[in-house]
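Consider the single chain below, provided in structure tokens and representing the form predicted alone.
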């Protein structure tokens, strides 16, 4: 967040509205700054990634930097907030150095706003991975996705969603194996006494040779280590965010802090592009003090879909390259033992 004077705001707006449009770094209206992505940066997380936008190549500073990490934990269904089939909970934290001019209360409000946008989009049941269930009706995985903003040089929501999607792509869910415990059957007299008692039929344990009984799973074990497993099911469904910065006669992408402070309205759109399927609009948000009408929003959604597809394809290619890179490093470490 930047605070600029009225003269600076007028200068930035007039430059963007000129013909041809002018930006301080020489980019076009729909051009992004350099984006760097690295996955697997947190060894103790189930999945992690770092995204930086506009970082200086000389000293590695001056850009927007976001780190996301996913951690899985087991929770009981029916006790507290546990959900059958698992759930995803997102949170965003901001380093005070990223927003040095904000008071602690203002920083808390900003973190809450970012968390609400991310959590409302990624925790929706329609994109919940199917392999978060451990024991139906009993145990499931809780996926905690924590995002930390280390620096903000503009376009923070796009960076947050890129880092979140990369961390979720990198996440491995440990494989589980169901375990059943059987009590050893006592002598016939004990069984006869049990018949005379008022007991729960589901708690009664009979002979292991009695095939008429329903086998109930009591617990589970992990065949894998905690950092091994399989990718999240449906990871193609995780959306990307695209921020359209709006001026009365145009819109532009990847705004710097000065450009963000000069526009009255921003439109956030969240799109998923599944294979051989119609693009899915997962949500949208209007931020700012400006106003817009339905006709303009419909036009912006069409443009936003086109831009978001380009971001999606570029991010998809980079994530696959990261998978190859990490697999190669793992093979080298194994061979060098």
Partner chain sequence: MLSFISFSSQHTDSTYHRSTRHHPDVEDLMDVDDDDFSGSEPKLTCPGETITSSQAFMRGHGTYVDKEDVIASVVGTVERVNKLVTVRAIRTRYNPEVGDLVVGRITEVQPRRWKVDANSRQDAILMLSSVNLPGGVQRRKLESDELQMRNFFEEGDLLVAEVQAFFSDGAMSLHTRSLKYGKLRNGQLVTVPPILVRRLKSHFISLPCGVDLILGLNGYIWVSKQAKDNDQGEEGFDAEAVYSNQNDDIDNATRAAISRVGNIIRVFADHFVPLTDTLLLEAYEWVIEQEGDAKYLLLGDTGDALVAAMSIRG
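Residue numbers count along the first chain shown, from 1. On a predicted model such as this, the values are computed, not experimentally measured, just so you know.
Another form exists, predicted in complex with the partner chain; not displayed. Remarks below refer to it.
Novice: In the model of the complex, which of the stretches 293 to 301, 278 to 286, 23 to 31, 265 to 273 has residues with heavy atoms within 4.5 Å of the partner chain?
Specialist: Every other range fails; the passing one is 23 to 31.
Novice: All three of 88, 233 and 260 touching the partner chain in the model of the complex at 4.5 Å, heavy atom to heavy atom?
Specialist: No, none of the three is in contact.
Novice: With the partner left out here, check for me: in the model of the complex, does some heavy atom of residue 37 sit within 4.5 Å of the partner chain?
Specialist: Heavy-atom contact with the partner chain at 4.5 Å: present for residue 37.
Novice: Heavy atoms within 4.5 Å of the partner chain in the model of the complex: does residue 311 have any?
Specialist: Residue 311: yes, in contact with the partner chain in the model of the complex.
Novice: Does any part of residue 162 reach within 4.5 Å of the partner chain in the model of the complex? Heavy atoms only, please.
Specialist: Yes, residue 162 sits close enough to the partner chain in the model of the complex that at least one of its heavy atoms falls within 4.5 Å.
Novice: Applying a 4.5 Å heavy atom distance criterion, does residue 253 contact the partner chain in the model of the complex?
Specialist: Yes, residue 253 lies within 4.5 Å of the partner chain in the model of the complex.
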